[in-house]
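One chain comes next, on its own, written as structure tokens: the form predicted on its own.
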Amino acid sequence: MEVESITSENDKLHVIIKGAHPAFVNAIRRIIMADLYIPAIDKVYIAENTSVLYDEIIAHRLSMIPLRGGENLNIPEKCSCNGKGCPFCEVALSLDVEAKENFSIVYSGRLKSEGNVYPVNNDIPIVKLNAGQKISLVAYARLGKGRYHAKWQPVSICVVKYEPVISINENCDLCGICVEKCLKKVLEIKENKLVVKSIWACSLCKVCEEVCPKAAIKVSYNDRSARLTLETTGSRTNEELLLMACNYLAQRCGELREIIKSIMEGVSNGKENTTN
């Protein structure tokens, strides 16, 4: 297995992995989406809310604000408080706003943190208030996984794409129909030859294969060459998420190895005892 390239484009990270089993690359994808701990607001105590939005809607909007930090927080299930909530596994963020004029938008930047957890972006709208309307609350952020709730999912995009394979045989007469019909403009005629401009741009739609009157094009894919694309919501950088996923997978594989080793030793000892 080898990592051919790592590139960043429009806040997305592209990693091309060659020679790896599809299950391995998909495991990295699933870990990033479901098994990495990041902070998010989990409990909201609202003292006053005279806005047009119900308390439940306010709480939901707060929970979906991406948060950064929380590296020193304990995992709630492993904390001495047994997940009930304490300063070691939770960080309080308060919001106390009264509108002075109509159509006043309350943004995430108004949240005041009592620890090292804070919104990724200060310009996320929470609620719109008219003059005299007020909202006062305390929210508590804690670590969690994407498998528990979408608010703890650290990415907006995390997909695996296998490398397309476009085969062009000698029947091609350079009619140009495939070049015209290709939605991604992957093909072009260059120096009296049909060539592929960018193989990763191919969406595997097989339109070129279907419209070719000479059946000169075949489209497939190589599942031993994959591109992992991820885009963070901001809680961690793309690079941090990728490394965290690799470390998590190595840790779980190590745990599995120890369990299997323990079982095999038990079986071996059982046989010896039976013989004696």
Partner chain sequence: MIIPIRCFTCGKLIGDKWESYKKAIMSGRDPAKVLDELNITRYCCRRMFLSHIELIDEVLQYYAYRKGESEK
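Residue numbers count along the first chain shown, from 1. As the structure is a computational prediction, the values presented were derived from the model and not from experiment.
Another form, the form predicted together with its partner chain, is not on view; read the next lines as being about it.
Partner contacts here mean any heavy atom within 4.5 Å of its partner chain in the predicted complex, and among 68-76, 115-123, 184-192, 163-171 they occur only in 115-123. Screening 143, 129, 111, 91 for any heavy atom within 4.5 Å of its partner chain in the predicted complex leaves a single hit, 129. Between its partner chain and the residues 53, 207, 249, 215, the one pair within 4.5 Å by heavy atoms in the predicted complex involves 53. Taking the partner from the other structure, its partner chain in the predicted complex has a heavy atom within 4.5 Å of a heavy atom of residue 156.
Heavy atoms of residue 10 reach within 4.5 Å of its partner chain in the predicted complex, making it an interface residue.
Although the partner is absent here, residue 107 is a contact residue: one of its heavy atoms lies within 4.5 angstroms of its partner chain in the predicted complex. Although the partner is absent here, residue 211 sits far enough away that none of its heavy atoms falls within 4.5 Å of its partner chain in the predicted complex. At a distance of at most 4.5 angstroms from its partner chain in the predicted complex, all three residues 64, 103 and 233 contribute at least one non-hydrogen atom.
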